[in-house]
Ligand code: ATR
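One chain comes next, on its own, written as structure tokens: the form predicted alone.
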Amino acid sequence: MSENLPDDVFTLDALRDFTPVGVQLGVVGWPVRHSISPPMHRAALKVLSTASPRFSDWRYDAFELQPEDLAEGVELFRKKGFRGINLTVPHKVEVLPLLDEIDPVAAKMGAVNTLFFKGSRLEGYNTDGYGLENAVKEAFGQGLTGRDIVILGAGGASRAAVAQCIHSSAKSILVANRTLDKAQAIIDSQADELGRGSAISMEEVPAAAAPGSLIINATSLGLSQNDPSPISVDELPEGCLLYDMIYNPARTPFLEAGLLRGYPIANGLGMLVHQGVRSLEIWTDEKVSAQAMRIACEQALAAR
């Protein structure tokens, strides 16, 4: 294990020598050393073990694997008897050829964030859409159903959001991106089910957004302190709701601008929690405590 890694983060070399104790779960990314998924899932597993002793030996760790090592890593997880793995950047798409079966919702999203090892078979799921749906409902009192929605960005997060908005019967969907062709590609990929939707530039968002729209930032703008907001929030129509998939920092420039304008805002912590809830429910077939997960996330972020 690298001297620069926390004790509970394992490299490929460490994974080769890794001996699971009990039922093993984990998260895989590159990098993954700053992930708060381990404390989040451990908190929920602790609650589960209090109610049922069968969860007392369940364990959740982090594995930092480079993209070229993913296939070997997945095979090692299979051979060592892992039950489940969460995937984060950049592995959500690259894992698709390694699956034996993919959930229909994940197939529409074109990405997987949850692996479930069932004997010799590997199943893939995507719980990000579930996380978004429940986070929006938690923050604003209503989910995605019936809403006019504008999604900023045209990467994997945006495609997953579009698929979930369709699944949840959103009223309309606009995908905005600096490169219009990329936004149009997402619209085209969902054309059979999308109905009312179109691709627009970032500059067009204020004029194109309907009053009361839910504006979702699915770009990476806001992760760095000096990042600008992806759009001009000051020019948005009245009644808009602003949701940012980024949770650290808690207030991105996009959300700060919305707060100053008086729009209701929410960051991506709720999405992280609820996608984690759904992953753990898939693995355990039990109801999972979102509250325990949220508290653990807040404590982990406060400690940084």
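Just count from 1 along the sequence shown to find any residue number. If you're wondering where the values come from, they're calculated on a predicted model, not measured in any experiment.
Although it is not shown, the form predicted together with the ligand is what the next lines describe.
Trainee: With the ligand left out of view, which of 177, 127, 164, 213 would have a heavy atom within 4.5 Å of it in the model of the complex?
Mentor: Of 177, 127, 164, 213, the residue with a heavy atom within 4.5 Å of the ligand in the model of the complex is 177.
Trainee: So the ligand isn't shown here. In the model of the complex, which residue out of 131, 73, 153, 84 has a non-hydrogen atom within 4.5 Å of it?
Mentor: Among 131, 73, 153, 84, a heavy atom within 4.5 Å of the ligand in the model of the complex occurs only for 153.
Trainee: Classify residue 187 as contacting or not contacting the ligand in the model of the complex by the rule of any non-hydrogen atom within 4.5 angstroms, answering yes or no.
Mentor: Residue-level check for residue 187: no, no contact with the ligand.
Trainee: Using a 4.5 angstroms cut-off on non-hydrogen atoms, would residue 220 count as touching the ligand in the model of the complex?
Mentor: The answer is yes: residue 220 has a heavy atom within 4.5 Å of the ligand.
Trainee: Quick one: does residue 182 come within 4.5 Å of the ligand in the model of the complex, counting heavy atoms only?
Mentor: Yes, residue 182 is a contact residue.
Trainee: Considering only heavy atoms, tell me if residue 157 and the ligand come within 4.5 Å of each other in the model of the complex.
Mentor: Because a heavy atom of residue 157 falls inside 4.5 Å of the ligand in the model of the complex, the answer is yes.
Trainee: Pick from 165-173, 112-120, 73-81, 220-228: which stretch has a heavy atom within 4.5 Å of the ligand in the model of the complex?
Mentor: Looking at the partner contacts, the answer comes out as 220-228.
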